[in-house]
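Next up: a single chain in structure tokens, the form predicted on its own.
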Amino acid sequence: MPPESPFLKALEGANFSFTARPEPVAGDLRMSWGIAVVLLSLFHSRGKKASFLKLQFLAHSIRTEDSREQVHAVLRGERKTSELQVRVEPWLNRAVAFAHGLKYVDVSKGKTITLTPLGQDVAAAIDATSDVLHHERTFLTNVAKRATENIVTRIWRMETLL
């Protein structure tokens, strides 16, 4: 990551403390990962915004290789939406709240999340860094724009896409 990165600038001057844990913390419990996924999801979505429903769909789908492949198969029409298991990710609301607190996103009426100009700079820096979040960036680049709000709603309702 280049030293002039807005992501690094956002972290400068912050106070950090670390506590040793007996086991590694799962990726979805790491807020840096969660905030980065939220920013990249919005960055690759149309208009740099999405509903909580769409973010929940992308957040759940991005977690494992199997879930990413299932979403690709549904969008290609090879699988039914009823075969896709989508659940609400509890970490997403915390990540959106932190991103909002860092002024990376705006939340409109509690429904729509939009990248702010600062959030777009940070998301662009993350997206341009090839050695971080490779699988997540690849998935979101291919899926976020194709998964429109209408398609995501139909997937949650298990309606057919075609």
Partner chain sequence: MQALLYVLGMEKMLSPSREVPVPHALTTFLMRDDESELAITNSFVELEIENGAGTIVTVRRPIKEAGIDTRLVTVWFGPMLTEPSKTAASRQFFVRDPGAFKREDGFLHFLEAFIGWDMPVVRKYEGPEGKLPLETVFPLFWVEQKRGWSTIPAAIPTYMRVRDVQKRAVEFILDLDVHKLELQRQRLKERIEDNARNWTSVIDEMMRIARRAGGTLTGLPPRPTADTDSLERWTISLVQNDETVVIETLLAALRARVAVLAEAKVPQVGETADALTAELEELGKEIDARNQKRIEVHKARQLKEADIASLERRIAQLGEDLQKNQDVQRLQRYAGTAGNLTPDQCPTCEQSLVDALISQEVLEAVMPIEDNIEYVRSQLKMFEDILQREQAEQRRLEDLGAVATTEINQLYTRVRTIRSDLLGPSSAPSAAVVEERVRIEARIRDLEALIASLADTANRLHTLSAEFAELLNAGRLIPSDKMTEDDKHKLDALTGSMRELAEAFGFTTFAPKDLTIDEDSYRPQKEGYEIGFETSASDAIRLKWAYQLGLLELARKYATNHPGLLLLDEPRQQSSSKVSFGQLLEHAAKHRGAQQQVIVSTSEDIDTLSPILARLECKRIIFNGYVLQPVQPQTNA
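Numbering follows the first chain given and starts at 1. None of the values given here were measured: they were computed from a predicted structure.
Beyond the structure shown, there is the form predicted together with the partner chain, which is absent from this document and is the topic of what follows.
Interface residue remark: Gly13 is not counted as part of the site for the partner chain in the model of the complex, having no heavy atom within 4.5 Å. Among residues of the shown chain, Pro117 is not one whose heavy atoms approach the partner chain to within 4.5 Å in the model of the complex.
Interface membership of Gly110, defined by any non-hydrogen atom within 4.5 Å of the partner chain in the model of the complex, is ruled out. The partner chain is not drawn, but in the model of the complex it has no heavy atom within 4.5 Å of Leu58. If you take 99 to 115 and check each residue for a heavy atom within 4.5 Å of the partner chain in the model of the complex, you get Gly101, Leu102, Tyr104, in sequence order.
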